[in-house]
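Below sits a lone chain in structure tokens, taken as the form predicted alone.
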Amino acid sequence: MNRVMYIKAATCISPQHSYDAEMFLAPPVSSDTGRLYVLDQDYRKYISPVAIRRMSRLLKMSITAGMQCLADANVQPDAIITGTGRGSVSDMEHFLHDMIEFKEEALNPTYFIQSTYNSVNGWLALQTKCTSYNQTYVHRGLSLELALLDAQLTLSEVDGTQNVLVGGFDEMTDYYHFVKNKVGYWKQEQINSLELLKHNDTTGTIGGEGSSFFVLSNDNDNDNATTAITAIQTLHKPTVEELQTAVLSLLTKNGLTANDIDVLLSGMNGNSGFKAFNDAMANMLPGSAIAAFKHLCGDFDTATGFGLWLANYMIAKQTLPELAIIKQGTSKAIKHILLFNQTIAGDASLMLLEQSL
């Protein structure tokens, strides 16, 4: 059963100026190094200076994004659900390095404790005094999607108004980039990140990182939500035909046709191996505007979070950022967005979003 979820607030710390939405892409941030890093914010607003000294970048940006999202929604969370593909990689690397250097003796446990996947959830629960449902999903490129599906189930189980904090976060480290380069994750040629999609004739993409949080509710009380998530679907390494069938089924189940989709927001990443899928999606939605987001944030396991934040931004502002546009559409208003993402491993997800009236 699909339960509509309303986005009451959305916060994103990314390689772009997304934390302050009014500055988004003004100016755009780019990189020639094959990877994009988040723009650090003033983390002292939600984290004490003493605690900051012991925290990795992932913890700082995720706690800040989550707390700011709750502040924007002005609610206390009834549940905290997150997804991450790798958790705090830097803390894990630091701990393993100390194990080798100190021969497993006199180790500092801080890096081990903070390297666990649910450390962000624990900090957020302590900060908000939330003792309710708390869950972290670690399913590689579909981690955030599964967190959103869990939120959908959680909100379906209650009759009264509930508010769930959902987030996705991952970080980029030098060692992670080095390892994944050996299995062909990244582009071998040096390109500017904003030019990524013009290089879809070679394999690989660019690395990225980010933290995105959303306050989701089962009730659009006081009409304070701009976007509704009406459907979510995940696909395990689909063929082009299976993807097309899934899209048609998703639209039909929600009483829509291809003509109703104003924007196709695609997670195309410049990898030539995925070109057939992107072309198939474009052909299915000939009248829709096509926009992309991974040339702005890089590719990482929970990059869908940046895509969802951008979709909410588009609906709220009723505008398509020029740097995101691949093709103009026929619609003047943005009422329905189909968010499509394909992971480096080949899995895919579909998310149907609509303007909340």
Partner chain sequence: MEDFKVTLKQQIIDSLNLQGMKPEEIDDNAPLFGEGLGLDSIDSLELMVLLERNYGIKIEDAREGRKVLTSVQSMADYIQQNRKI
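Positions refer to the first chain, counted from 1. The structure displayed is predicted, hence computed values, not measured ones.
One more form of this protein should be noted, the form predicted in complex with the partner chain, which is absent from this view; the next part is about it.
For the partner chain in the predicted complex, the listed stretch (191 to 199, 73 to 81, 140 to 148, 103 to 111) containing residues with heavy atoms inside 4.5 Å is 103 to 111. Residue contact check for Lys327: none of its heavy atoms lie within 4.5 Å of the partner chain in the predicted complex. Contact check for Glu93: no non-hydrogen atom falls within 4.5 Å of the partner chain in the predicted complex. Contact annotation for Asp260: none of its heavy atoms lies within 4.5 Å of the partner chain in the predicted complex. Taking the partner from the other structure, the partner chain in the predicted complex has no heavy atom within 4.5 Å of any heavy atom of Lys45. Looking at 54 to 81, the one residue that comes within 4.5 Å of the partner chain in the predicted complex, counting any heavy atom, is Arg54.
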